[in-house]
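Take a look at this single chain in structure tokens; it is the form predicted alone.
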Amino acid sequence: MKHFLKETDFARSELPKLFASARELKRKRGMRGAPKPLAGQTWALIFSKSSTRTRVSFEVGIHELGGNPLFLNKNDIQLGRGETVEDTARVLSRFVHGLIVRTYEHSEVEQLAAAGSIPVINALTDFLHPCQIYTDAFTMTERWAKGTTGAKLVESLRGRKIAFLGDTACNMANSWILGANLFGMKISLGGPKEFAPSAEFNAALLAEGYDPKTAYHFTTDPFEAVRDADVVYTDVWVSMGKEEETKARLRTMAPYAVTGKLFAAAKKDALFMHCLPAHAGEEVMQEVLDNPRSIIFDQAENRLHMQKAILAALAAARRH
């Protein structure tokens, strides 16, 4: 059974077909005869965390692929009242064709995948956010590989540098380190020393065959981080579940805000990216969000198209 719990669940050799599929699904959206690989299927969405882009893009995507999305708030099902993750997986496997899970503990998506007999997609955990990283990479290829497809799409990422600023121990930073290495990119992290990638994440990197000493560059100097960067990326400094740390985080991370001056220190044609929602005046200034090289809403839109490609690929793998 194929799942998508982390970036490396698709092999590098599978990426050209996946990215080409996302581009084709985007091109054919709304057209007569658009593919319906989920026809007759129901996919359940189990959400422990609220969302805008994730829920809407998945529900719309499943519908457009011919399937039926079934939203399950964790607190409205027995999982929220003490039923084990394993029993939930086994029961839902009898009813639906796949699970999309947005939760806190990464171990929960791993348990659901291990115990069930249907594909599981990680729609976000506190450890990783692979759907966002694949979407972001696809969005970059639209800028760097116009008019190409297949292998050339993914090849356009190779050797590019992404600079990630702020909370460099968050799920987005973790996922971008994994993704950058998978795509052949370079990644530089700029954040406070106490927010360097965790020992737990470095162990996970080793398990995936990447040496933490060479898989990323970490610095406490934000200008060093963005030097020669093709993409400057940031995320909110206070994620869901960390609200009690708000004051301390805002104070500690203030030097890593993406200002116009910091953005200008990257390459002259560098792109600015943010997975949203953005807090203007905190991790990024409004002038950067409004910059013509800010592609934040392209990222948001492309969640739909890349996730449709992922859904289609997992559905096809299950049939075989």
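Residue indices: 1-based, along the sequence shown. This structure is a prediction, so every number in the text was calculated from the model and none was measured.
The next section is about a form of this same protein that is not shown, the form predicted together with norvaline (NVA).
Think of it this way: in the predicted bound form, norvaline (NVA) has a heavy atom of just one of 198, 93, 73, 239 within 4.5 Å, and the residue is 239. This chain appears without its partner; in the predicted bound form, the one residue of 275, 262, 44, 253 with a heavy atom within 4.5 Å of norvaline (NVA) is 275. Proximity to norvaline (NVA) in the predicted bound form, taken as heavy atoms within 4.5 Å, picks out 239-247 from the listed stretches 220-228, 239-247, 155-163, 107-115.
Remark: residue 124 counts among the residues lining norvaline (NVA) in the predicted bound form, judged by a heavy atom distance of 4.5 Å or less.
Under a 4.5 angstroms non-hydrogen atom cutoff, norvaline (NVA) in the predicted bound form has residue 171 among its neighbouring residues.
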